[in-house]
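The data below hold one chain only, encoded as structure tokens and taken in the form predicted alone.
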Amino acid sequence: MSQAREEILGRIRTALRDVPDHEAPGDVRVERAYRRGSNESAEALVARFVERVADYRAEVERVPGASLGEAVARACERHGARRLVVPENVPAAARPEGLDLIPDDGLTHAELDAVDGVITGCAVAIADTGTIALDGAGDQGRRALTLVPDLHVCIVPGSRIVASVPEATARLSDAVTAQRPITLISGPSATSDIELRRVEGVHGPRRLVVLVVE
């Protein structure tokens, strides 16, 4: 055992030495007095989310609902994407004509790797962090859809933007209870090598387009 590990475990044992052996974690109530809610207007929340998610190098566009299909088409044209997989419940307004939109009927990873991108909705988005959460609902599909294709076009209704992480986790509680996987997205997939050079697309899409529907 390394010295660091011994030190860490020693501190844990010290912190727990006054805990009775019969006590279980559920016996002690933990106060979770996190800040919830916000006095900000819906416009302020949307503006902050757009600013934060753009900081992560996502392409962000605010679009009226009536123009959503045109915005999806423009994004796909910019990225040369013609063949995109689409989960079952993505609304018709987000399915422009002229694209080859492929339903997910259990596509293999190899088949997902052969498409140009994916169009999904989202469960909730967080203004404080610029994070988008997917919970595997019908307009988001299974997790592999947003990990394998290189382009992710994500539709974010303004009504699904909340101020903080605690508010978002509350909205995700049903999905957690149903044991659906939660995917948190803050910009395109990125990591850094040992010299801290940013490398995109290692663990997911290199390109993220966020369309905020107002």
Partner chain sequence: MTFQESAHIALQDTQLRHNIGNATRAIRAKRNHVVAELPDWQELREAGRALKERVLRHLDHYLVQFEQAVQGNGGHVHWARDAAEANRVVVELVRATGVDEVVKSKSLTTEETRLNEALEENGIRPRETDLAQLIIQLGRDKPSHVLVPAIHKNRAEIRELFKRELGIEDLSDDPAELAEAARRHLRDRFLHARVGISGGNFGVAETGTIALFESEGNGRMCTTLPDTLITVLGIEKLIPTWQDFEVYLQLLPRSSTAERMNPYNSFWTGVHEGDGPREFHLVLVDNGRTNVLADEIGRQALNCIRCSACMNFCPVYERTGGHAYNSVYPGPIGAILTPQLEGLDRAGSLPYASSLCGACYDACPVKIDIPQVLVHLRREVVKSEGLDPEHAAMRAMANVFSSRRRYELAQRLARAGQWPLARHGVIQHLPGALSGWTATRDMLPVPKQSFRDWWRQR
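Numbering follows the first chain given and starts at 1. Take the two forms, superpose them, and find the largest set of C-alpha atoms that agree within 1.5 Å; that set is the rigid core. All values derive from a computational prediction rather than experimental measurement.
Below, we turn to the form predicted together with its partner chain, even though it does not appear here.
If you check in the model of the complex, is Pro166 within 4.5 Å of its partner chain, heavy atoms only? Residue-level check for Pro166: yes, a contact with its partner chain.
Heavy atoms within 4.5 Å of its partner chain in the model of the complex: does Arg82 have any? Taking the distances in the model of the complex, the answer for Arg82 is no, it never comes within 4.5 Å of its partner chain.
State yes or no: in the model of the complex, is some non-hydrogen atom of Asp139 no more than 4.5 angstroms from a non-hydrogen atom of its partner chain? No - in the model of the complex, heavy atoms of Asp139 and its partner chain never come within 4.5 Å of each other.
Contact flag, Arg95 vs its partner chain in the model of the complex, heavy atom cut 4.5 Å: Taking the distances in the model of the complex, the answer for Arg95 is no, it never comes within 4.5 Å of its partner chain.
Heavy atom within 4.5 Å of its partner chain in the model of the complex: which residues of 21-54 meet that condition, in order? The stretch touches the partner through Glu23, Ala24, Pro25, Gly26, Val28, Arg29, Val30, Glu31, Arg32, Ala33, Tyr34, Arg35, Arg36, Arg52.
Any CA movement of 2 Å or more for Val30 between the shown form and the other one, core superposed? It does shift by 2 Å or more.
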